[in-house]
Ligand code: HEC
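A single chain comes next, written as structure tokens; it is the form predicted alone.
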Amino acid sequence: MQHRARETCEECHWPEKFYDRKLVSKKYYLSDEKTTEWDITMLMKIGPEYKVLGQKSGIHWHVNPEVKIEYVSADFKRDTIALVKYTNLKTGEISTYRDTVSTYTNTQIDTLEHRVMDCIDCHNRPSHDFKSPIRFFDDAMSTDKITRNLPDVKMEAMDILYNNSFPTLDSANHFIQSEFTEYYQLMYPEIFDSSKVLIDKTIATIQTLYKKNVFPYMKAQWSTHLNYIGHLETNGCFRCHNDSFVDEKGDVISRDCDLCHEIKKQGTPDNLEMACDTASLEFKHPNNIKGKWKKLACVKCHKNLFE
């Protein structure tokens, strides 16, 4: 099983392929009364700044044919990493990074799974990607499948979808219908009377999106089949890039945001910060969390949505 990515994916997607840096723009929505839009544009450093440098830097450096990255996973899902080993295949240089926070002994590490890093260690959901409610809700609102004209619409949807589990799709559909209906009847009776068609359309859209991403009978959803691309809802990149892995020379596997991306725009549409030319912006959390994002991995807070 070690080489399944190389024997399948790499028949077409070969590691030597160069990928330029790419601007990625996304719309997010806050769980407030107005479902405030928050936009962000990032320059993703998939490869280096100049094409002639090949895979000398950037996110895809991890599969550069001139280096080998090995790691030891402490669990079946490979969500927790105990050790990382870097080998420069041209010079023979080797660096072993140990997690200074974990308590794994050498004997324990010897009994754990040792793997050579490949594509699916990050791209672990190349198909059957189960979107979390936040992801499928924001995507639907970005494409006007869900309206912002209903107050508290995201807040109510997230409260229903994250704080409840359902044995069947029928029970989920019934609960979504009844809870949304009751909420607007109680909290916004005038809107309920004047916008019943809009409320019903929103309910139907959320039911459809839930059906596409949650499969109760198979017990399959976003929290059982994690997606390691990024670091918002899972440990993802921070499994290794967390400032706790240190090698023999004292070098650290950094969690510096700018290693993988630079923020070019961020904020609400009417108050959008923009970086000029080669400059980048410091990340600004849409909610005032007093800089906690600088010390904690995103999942430390966002994981509560799954509990």
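Don't overthink the numbering: it's just position in the shown sequence, from 1. If you're wondering where the values come from, they're calculated on a predicted model, not measured in any experiment.
Separately, the form predicted together with the ligand exists; it is not shown, and the next lines address it.
For the residues Leu232, Ile160, Ile203, Ala220, the 4.5 Å heavy atom test against the ligand in the predicted complex is passed only by Leu232. Note on the partner interface in the predicted complex: the residue among Cys237, Ile146, Ala172, Val214 having a heavy atom within 4.5 angstroms of the ligand is Cys237. If you check the ligand in the predicted complex, you find a heavy atom from every one of Cys12, Tyr228 and Ile253 within 4.5 Å. Note that among 102 to 110, 79 to 87, 204 to 212, 181 to 189, the stretch whose heavy atoms approach the ligand to within 4.5 Å in the predicted complex is 79 to 87. Within 4.5 Å of any heavy atom of the ligand in the predicted complex lies no heavy atom of Ala140. Within this chain, Lys131 is remote from the site of the ligand in the predicted complex, having no heavy atom within 4.5 Å. In the predicted complex, Asp152 stays away from the ligand, with no heavy atom inside 4.5 Å.
Using a 4.5 Å cutoff between non-hydrogen atoms, Lys51 does not count as a contact of the ligand in the predicted complex.
In the predicted complex, the ligand lies within 4.5 angstroms of at least one heavy atom of each of the following residues of 280 to 300: Phe283, His285, Pro286, Asn287, Ile289, Lys292, Trp293, Leu296, Ala297, Cys298, in sequence order.
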